[in-house]
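The C-alpha cells that follow cover one protein chain in two forms, given apart as structure 1 and structure 2.
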Structure 1
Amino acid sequence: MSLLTLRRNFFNVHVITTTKIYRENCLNEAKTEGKSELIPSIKFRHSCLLRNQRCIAAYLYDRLLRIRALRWEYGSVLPTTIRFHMCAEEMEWFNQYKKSLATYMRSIGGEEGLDITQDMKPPKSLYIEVRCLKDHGEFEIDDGTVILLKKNSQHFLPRWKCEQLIRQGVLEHVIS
C-alpha cells in the first residue's frame, strides 16, 4: 500500500477557484433582481462549486482509507518513509485511530485483550522459521524464553509472536 505526499497545491488551487466562483455568484445574484438571463450562469457556477467540493472530499476520504489500511498492514508504528508522506493532521488522525483500535482490542479479550491485527491470514503452522534483518535486541516469548535477535540470525518462533516484527521489517519469514 502506498501513500503519496498530500498535494497541498491541489487544495490551494481549489480554494482560490472556489472563492472566485462564489464571489461571481454573489455579484450576479445581486444583479438578478427581475432578470432571468443570469440564472443559468449562477446555477452552472453553483454546480462547479459542488463538484469541486465532492472531488476534495473523495480525495481526502481515499487518503484516510489508505492510512487506516496502513495501521493494519504495519501495526502501530509506521515506517519513516510512510510518515514522511503524511501531514500533521493525518498523523493526528492515525494516532487517534490507533488509540481507538487499541481500546477496542483491550475491551474484547478478557483480562489481556485480543489483538485482532494478528493472523490476517489463517496460519498453515503455529511456528515459523524467521531470519533477523537488523539488530533488535532481546525478544521474550510466552514461555519466558528470551531470544537475542541479531542481524542474520535465524530462529524458529511462534507465528503470532513474530508477525508484527515481520511487518515492521525486523524479521523475514524464511520459506524453505
Structure 2
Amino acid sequence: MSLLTLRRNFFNVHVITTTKIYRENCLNEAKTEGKSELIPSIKFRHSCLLRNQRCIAAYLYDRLLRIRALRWEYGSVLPTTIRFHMCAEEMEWFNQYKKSLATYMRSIGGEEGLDITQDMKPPKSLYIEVRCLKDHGEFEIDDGTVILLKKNSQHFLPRWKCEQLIRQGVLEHVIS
C-alpha cells in the first residue's frame, strides 16, 4: 500500500473539463428565462461536476490518511523514496502533524513526556534476538557500540532500538 506520485496532469485536465461544463451550464441558464426545459440538462451537468469533485476530494483525503499512517510506521524522518512521491503541500501537512503529535506526547506522562509510538504491541522482554533481512549498514546502540547490520546476521539488541527497523522490514524478530 505505497503512496504513488500525485498526478498533477490529471488535475489540470480535470480543472479544464470542469470549467467547460460549468460554462455550458451558465450559458444554458442565461437562456432559460422562464422556460424550464433546459433544467434537466443543467442538473445533469451539475451532478457530473459534483461527482468529479467528490472523487478528487476523496483521493486527496485518502492520501493524507496514508501519510498520517507513515508517521507511525517510519517515525519522524521519512525515507527519500517515499518523500519523492509526496507533493510540497503534503510534506507541509506531515510536518504539522508531526508537531501536533510531538506536542501531545510532551504533555502526557509527566516531565519527560511519553513516546506513544513505541511499544505498539505489548512487549515481553527488554532485549530480543533479531535477524537481519537486508544490508542496512552500521547501527549504533545507546552504550556507543556500533553494530554492522549485514544480511542474515543475528544480534541480541534492546527492543526499543529495533522496533522501527522491524516495522520497516529490515530486521526480523527471531522467536526461538
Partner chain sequence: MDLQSYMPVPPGIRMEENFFSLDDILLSHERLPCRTESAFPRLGFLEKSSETRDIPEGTKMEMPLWLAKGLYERKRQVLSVELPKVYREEWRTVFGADPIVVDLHKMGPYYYGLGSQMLHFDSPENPEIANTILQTFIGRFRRTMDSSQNAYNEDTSALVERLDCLERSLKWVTCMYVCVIERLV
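Only the largest set of C-alpha atoms that superpose within 1.5 Å between the two forms is called the rigid core. Just so you know, these numbers come straight off a predicted model, no measurement behind them. Residues are numbered by position in structure 1's sequence, first residue being 1.
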Looking at both copies of this chain, which one is the form predicted together with its partner chain?
-> 2
Kindly check if the Cα atom of L148 is displaced 2 angstroms or more between structure 1 and structure 2 relative to the superposed rigid core.
-> yes
Indicate whether Q168 shows a C-alpha shift of 2 Å or more between structure 1 and structure 2, with the rigid core used for the fit.
-> yes
P158: how far does its C-alpha move between structure 1 and structure 2, core aligned, in angstrom?
-> 2.6
